[in-house]
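Presented as structure tokens, the chain that follows is alone, the form predicted alone.
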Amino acid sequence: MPTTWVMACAYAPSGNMVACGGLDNKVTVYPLSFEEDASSKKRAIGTHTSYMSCCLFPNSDQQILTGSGDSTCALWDVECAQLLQSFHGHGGDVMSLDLCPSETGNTFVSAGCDRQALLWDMRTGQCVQSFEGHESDINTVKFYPSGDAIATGSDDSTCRLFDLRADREVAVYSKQSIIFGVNSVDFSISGRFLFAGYNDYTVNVWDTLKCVRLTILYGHENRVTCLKVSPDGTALSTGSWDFTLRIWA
């Protein structure tokens, strides 16, 4: 690995390469094959002026989108290892990215330590919408399956739902008894459930419409740092600082 502290990694859509980075400020791609040692073929694609916190491939293997502690997002050309577009607008570290699930895929959202979630046009580099409401750093952001809303999770112990068409916050998912930060969120395929991983070692499952907690998933022995619903919607995977991945189905 290019750094001892990897903060982000992403599979390319083809499954033929993986991108990663972290405290080395770089995004590096590794080709995946059974024939060769992947580390010998690694390539640095781009470099930020601070740590790289998140990355994803928008729709193809040709480009990669990154977010950084330097308060910017960047779109890179994988083949040429060149910067295609930079996105300036955050007033603090960018912690999370997500791509709009529409067919065109030209819109993405970013969120970070300035307590804002910003919606971007990838073609122009312009911020087209901004959402505020959290009282502390936003650690995670995720598009609603339809692409018409976003969910955020924050160190203020809340998750929030922002509607893009209404241009405002429409729901808050919180309880007085929850005092720990949220590290990761994801929706069920229908969008009815919101899964959130917390620093208190639990995963809370929220009803997105009624804003009530449906259940708590116990099992991890340290903070839940990442989670993801399977593509077919039948299972949930969670990762934790307890060195385990768990599958819930």
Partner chain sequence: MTRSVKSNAMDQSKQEDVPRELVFSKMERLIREMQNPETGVPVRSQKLFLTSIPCAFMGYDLVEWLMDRLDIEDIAEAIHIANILCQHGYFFPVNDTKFALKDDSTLYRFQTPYFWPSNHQPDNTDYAIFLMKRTLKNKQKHGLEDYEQEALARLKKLLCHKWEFVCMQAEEQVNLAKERKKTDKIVLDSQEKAYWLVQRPPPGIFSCLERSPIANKQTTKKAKTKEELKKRVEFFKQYICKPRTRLRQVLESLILRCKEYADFDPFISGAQPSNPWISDDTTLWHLNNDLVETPTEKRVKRWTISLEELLADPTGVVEFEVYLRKEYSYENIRFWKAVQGLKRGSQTGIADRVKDIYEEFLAAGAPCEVNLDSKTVEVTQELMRSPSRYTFDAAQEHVFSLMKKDSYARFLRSDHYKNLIRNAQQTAQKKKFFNFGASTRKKSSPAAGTSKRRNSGSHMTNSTVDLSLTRQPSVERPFTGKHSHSTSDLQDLETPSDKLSCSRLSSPSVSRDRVNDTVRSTLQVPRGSQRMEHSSSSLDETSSNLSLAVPRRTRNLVAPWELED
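Numbering follows the first chain given and starts at 1. Keep in mind that what you see is a predicted model, and the values were worked out from it rather than measured.
This next part talks about the form predicted together with its partner chain, which is not shown.
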item: Close approach of Arg123 to its partner chain in the predicted complex, 4.5 Å, heavy atom; value: yes
item: 4.5 Å heavy atom contact, Leu119 to its partner chain in the predicted complex; value: no
item: Leu56 within 4.5 Å of its partner chain in the predicted complex, heavy atoms; value: no
item: Contact flag, Tyr30 vs its partner chain in the predicted complex, heavy atom cut 4.5 Å; value: no
item: Within 4.5 Å of its partner chain in the predicted complex: residues from 193 to 232 (heavy atom criterion); value: Phe193, Phe195, Asp200, Tyr201, Thr202, Asp207, Leu209, Lys210, Arg213, Leu214, Thr215, Ile216, Leu217, Tyr218, Glu221, Asn222, Arg223, Val229, Asp232
